[in-house]
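Heads up, the chain below is alone and in the form predicted on its own; it's given as structure tokens.
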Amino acid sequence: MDKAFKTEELNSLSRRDFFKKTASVSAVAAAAILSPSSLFADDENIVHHTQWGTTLGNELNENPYGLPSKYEHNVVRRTSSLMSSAGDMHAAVSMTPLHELEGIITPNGLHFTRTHNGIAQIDPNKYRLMIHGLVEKPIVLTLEQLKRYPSESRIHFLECPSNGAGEWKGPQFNSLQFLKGMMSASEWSGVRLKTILDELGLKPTAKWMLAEGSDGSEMGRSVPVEKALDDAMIVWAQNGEALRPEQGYPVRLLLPGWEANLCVKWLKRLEFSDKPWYAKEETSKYTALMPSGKAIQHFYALEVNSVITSPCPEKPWSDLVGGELVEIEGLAWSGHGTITNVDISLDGGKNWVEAKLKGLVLPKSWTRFSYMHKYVKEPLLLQSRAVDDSKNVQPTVNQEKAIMGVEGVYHRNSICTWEVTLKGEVNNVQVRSI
């Protein structure tokens, strides 16, 4: 029977001595479980009280909105001068730290951001949305009037069509965040555009919609009426709160699965016509340049895609011991529908094994995949390959280049490769195999 300690005796012992003494009094228990002394005696955070465990914490409402832990200070969006088209941060993009995320929802403060004229600060009391052109009943809505329509919430990803653009000729960034961080996923809340249009009435000749923003760039994009009447949304909330200014507060357009550039922020106007507008952002920009030198316009839906998020250059395997079981995890997505399966290759695409899809599997949303691997300290070439319910298969680098060439920077969805070295370091490489 274990020895019982009196209260005064316990008080005279240090926590370290107590663990050592209790570990030695029961040979039977020591044979059945790990000795407490071997587990705890050398861990100062166990054998001594921690500072936060012996003092008052912060007052409950010190930060009325709430803040991340100060120890998560490195989990932030990041940008690069290469991502700026104007030489400053007014026309630029910041990337989401994909390697630090869990699940399929991106926190609002980490959602990737693209601006063309800085972040507009709009007074919601002065906000107006005009819907006109080839509609039976043109209308101007205040924010409150817009919110009176029946709302719904849906989870979808947003991706810049130039996500991964730096890789079109070869690896550029040894970083997952800079390689694929121009995307995020959120729960969006607002009204289905079709609900409003059913009330206003579209004229039969209406074939196109112009979505225009109210920031200084007045971003304008032409959208086929079919999309407007399908799953397009006018949204005012993201992940349960009002849109943040960098995401288009108070209102933006959402076109699930299509280029994020089309999802116009700070939305002020929807005009309907019988032809597209050929705005700057759909002529000189956001077109798919082909090997022939010609460019494809009105190139909207984002292709099936995937990337391994762990390991990655920011999360190497350098601390693993040979023989450990480790999870290979990543994200898959498709603007054409729902991910049906993801395969993993450890040898650069020579052999493939099926990964497990985990968590929610939703259309035009991120999907998590996982594969358990026994680490044996050998060089690896890790790849993932996604398939969606339209039977689209993520292509190899060579397959993509055969169609897209090497000059086009948009809609690059070829298979990404992480080289894992003998030391467990992870590098961004390209495998030029068929």
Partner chain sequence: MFKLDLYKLITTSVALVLSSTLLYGGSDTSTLPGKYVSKMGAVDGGVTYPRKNGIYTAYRYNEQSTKGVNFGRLPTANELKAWDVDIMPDGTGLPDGEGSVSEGDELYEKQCSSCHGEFGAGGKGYPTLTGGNQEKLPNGVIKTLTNQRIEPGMEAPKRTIGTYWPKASTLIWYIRDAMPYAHPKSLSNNEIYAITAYLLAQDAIVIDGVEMDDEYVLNKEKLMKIKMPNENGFYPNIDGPNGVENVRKFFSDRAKNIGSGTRCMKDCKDLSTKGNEPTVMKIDNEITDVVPPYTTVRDLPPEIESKLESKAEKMYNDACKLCHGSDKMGAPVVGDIEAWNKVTQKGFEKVVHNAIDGMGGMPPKGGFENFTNSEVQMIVEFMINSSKKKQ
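As the structure is a computational prediction, the values presented were derived from the model and not from experiment. Positions refer to the first chain, counted from 1.
Just so it is clear, the following notes concern the form predicted in complex with the partner chain, a form of the same protein that is not shown.
Interface residue among 120, 361, 202, 320, judged by heavy atoms within 4.5 Å of the partner chain in the predicted bound form: 361. For the three marked residues, 218, 275 and 431, a heavy atom of each sits within 4.5 Å of the partner chain in the predicted bound form.
Contact annotation: the partner chain lies within 4.5 Å of heavy atoms from the stretch 337-345 in the predicted bound form, the single such stretch among 238-246, 324-332, 337-345, 105-113. Using a 4.5 angstroms limit between non-hydrogen atoms, residue 382 is distant from the partner chain in the predicted bound form. For the chain shown alone, residue 99 is a contact residue for the partner chain in the predicted bound form, at least one non-hydrogen atom being within 4.5 angstroms. For the chain shown alone, residue 79 is a contact residue for the partner chain in the predicted bound form, at least one non-hydrogen atom being within 4.5 angstroms.
None of the heavy atoms of residue 134 is located within 4.5 Å of the partner chain in the predicted bound form. Contact residues in stretch 262-287 (any heavy atom within 4.5 Å of the partner chain, taken in the predicted bound form) are 268, 269, 271, 273, 275, 276, 277, 278, 279, 280, 283, 284, 287.
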